[in-house]
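The form predicted on its own is given below as one chain in structure tokens.
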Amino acid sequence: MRNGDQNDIFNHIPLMRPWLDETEWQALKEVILSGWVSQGPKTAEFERALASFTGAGFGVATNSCTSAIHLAFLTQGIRPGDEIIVPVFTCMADANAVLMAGAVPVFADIDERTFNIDPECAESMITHRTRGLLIVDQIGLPADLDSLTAVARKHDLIVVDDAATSLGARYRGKPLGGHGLVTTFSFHPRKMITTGEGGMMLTDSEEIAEKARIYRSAGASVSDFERHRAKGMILQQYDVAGFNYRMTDIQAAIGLIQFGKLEEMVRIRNEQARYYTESLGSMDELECPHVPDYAESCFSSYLVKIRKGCPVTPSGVIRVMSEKGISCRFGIMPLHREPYFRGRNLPDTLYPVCCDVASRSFFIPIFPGLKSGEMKTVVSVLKSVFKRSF
């Protein structure tokens, strides 16, 4: 990498930066020197830690949240050709997991204030082929779980709660993952805690957890670590065709240190969100994130909406912010517009709320380590963008 390229990466205010330090480095050293670096005791410890924190019965660590969602559907009986209701305002990984299970993603519109799937819209998309519902707790904010699970019970649907961005968020006072739903988390660097890449499925069902452990390890009846402890006396069997979805102990060691920081991360992010809301909330041109009474957001992201009628566009904001050394991003793009789904003839009129929100929203920086002076700069430059437009 040239020095100029490196400066371009580091000499600006990023959208997000992982909170990593010497403690993660020391944890890596311990695992590396132990001689056991693949899935093993650290992975199991990480699984127990997250299950205990959320109140779930069992954790199954994976190499990504996408694979965790795939296993969540597979272990609950989703089969090829089944339809799964998915919010249209989410990342392609959610649709990918449905497609990996052989199922068909059917998109539903969102609530314009929470950016989460609208329960009434989700119910309106149900057909005789619908077998499941994928809830997504978007940008750190829990979805309306009560209403959505009521829809699922009414229509006998399998439910998966994708809380990829929302570890540490709470629904009615209880952490996501502890509400009796099969729930998944992501440990990508832009999420609440990171293992570089990685994910986890939480469940109260021992049967689902055991099936997921088998599927994630190529279908093997016992894990590598169990065979190692038995000193070669156990021979694995393969009753099903599985996948290589395992998390390594190297990743889990980082995850355990990161998890120890989670409470402080949530506190800091909420303080930063309050500052942004207090600083930007009085602007006629902007709408700050809404948090319903039932939810406690972890603010993994801070998504701002430009009010209707304002001539400023997200692309204009992002361009000026970039020129001033501040990284912002466009809001979540509607999935039905992706080239992959172009042949399904899904017009924007099916998803008016999502299309409207996407056209007016953008992310601004928020993460532990973001200095107060940097936040003031973000606010100051953002206000100047709107002032110059009138």
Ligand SMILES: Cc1ncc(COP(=O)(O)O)c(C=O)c1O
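In this text, residue numbers run from 1 along the sequence as written. Just so we're clear, the structure is a prediction, and the values are computed from it rather than from any experiment.
One more form of this protein should be noted, the form predicted together with the ligand, which is absent from this view; the next part is about it.
Relative to the ligand in the predicted complex, residues 43, 251 and 255 are all farther than 4.5 Å at every heavy atom. Checking 114, 223, 165, 194 for any heavy atom within 4.5 Å of the ligand in the predicted complex turns up a single hit: 165.
136 is the sole member of 247, 136, 72, 176 with a non-hydrogen atom lying within 4.5 angstroms of the ligand in the predicted complex. With the partner omitted here, the stretch from 24 to 32, 43 to 51, 59 to 67, 358 to 366 that lies within 4.5 Å of the ligand by heavy atoms in the predicted complex is 59 to 67. Residue contact check for residue 94: one or more of its heavy atoms lie within 4.5 Å of the ligand in the predicted complex. Contact check for residue 90: a non-hydrogen atom falls within 4.5 Å of the ligand in the predicted complex. Interface residue remark: residue 203 is not counted as part of the site for the ligand in the predicted complex, having no heavy atom within 4.5 Å. Using a 4.5 Å cutoff between non-hydrogen atoms, residue 142 does not count as a contact of the ligand in the predicted complex.
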